[in-house]
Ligand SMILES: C[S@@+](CC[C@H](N)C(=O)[O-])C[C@H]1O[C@@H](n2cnc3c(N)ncnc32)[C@H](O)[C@@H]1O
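Here we start with a single chain on its own, the form predicted alone, put down as structure tokens.
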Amino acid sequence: MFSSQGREEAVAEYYRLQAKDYHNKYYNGDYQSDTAGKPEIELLRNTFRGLDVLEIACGTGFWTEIAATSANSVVATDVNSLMIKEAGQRLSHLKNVSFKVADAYYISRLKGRFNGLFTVLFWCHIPRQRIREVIMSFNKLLEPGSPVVVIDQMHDSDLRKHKSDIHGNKLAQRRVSNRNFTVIKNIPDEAQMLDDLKNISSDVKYSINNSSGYWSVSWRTV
């Protein structure tokens, strides 16, 4: 049986092994095509206009680039130095973006103060038993009343094959570089998100978009 920490390390290693190919695998390279018709794009642009924003688990920087079109500044973080390297090379032309290697589970150790935060395609990997801890660690770096946006997938390709652990986490099997991984792949519904955010957030808004295949939730820190 894996510990919670073991699951988190498995996710980090799974993505580290894909760093070189991840962007081309999941995005077709045509920025206009990749962003067309996605309400999540406008959510990021409108929410963080003129703000100093922290991004959690930036990967290769696809969503970083979107937020940077309207934000005053974006500090994009990821636990994987290879992902940070790829993102930094792709977005070297953006003067309002900087990158730092940082573990999302210990993000409160990061120096700095922000008035906005977002993360895309990371929430599904957080162990259920650590959700409140993660939210409160975000809050420590944010000014009161700061907007937070979380965006993730509504579906997973092999959802029916997922198993559950004792905490209710959904576990998916993945293979990359001839190695097998068991990764957490949770898809919380609105009721679950509202419960997770109870008493530690305000102005919570949850939405789903069937055309893009994403759900999103936004709130403000208290």
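For every residue, the number given is its place in the sequence shown, counted from 1. Since we're looking at a predicted model, the values are computed, not measured.
This next part talks about the form predicted together with the ligand, which is not shown.
Taking non-hydrogen atoms only, Ile66 never approaches the ligand to within 4.5 angstroms in the model of the complex. Using a 4.5 angstroms threshold between heavy atoms, Leu91 stays clear of the ligand in the model of the complex. Using a 4.5 angstroms threshold between heavy atoms, Phe114 stays clear of the ligand in the model of the complex. Contact check for Met83: a heavy atom falls within 4.5 Å of the ligand in the model of the complex.
Of the candidates Leu110, Leu121, Leu142, Ile131, Leu121 is the one whose heavy atoms come within 4.5 Å of the ligand in the model of the complex; the others do not. Interface residue among Leu43, Ala57, Met193, Ile184 relative to the ligand in the model of the complex, by the heavy atom within 4.5 Å criterion: Ala57. The partner is not shown here, but in the model of the complex the stretch 75-103 reaches within 4.5 angstroms of the ligand through a heavy atom at Asp78, Val79, Asn80, Met83, Ala102, Asp103.
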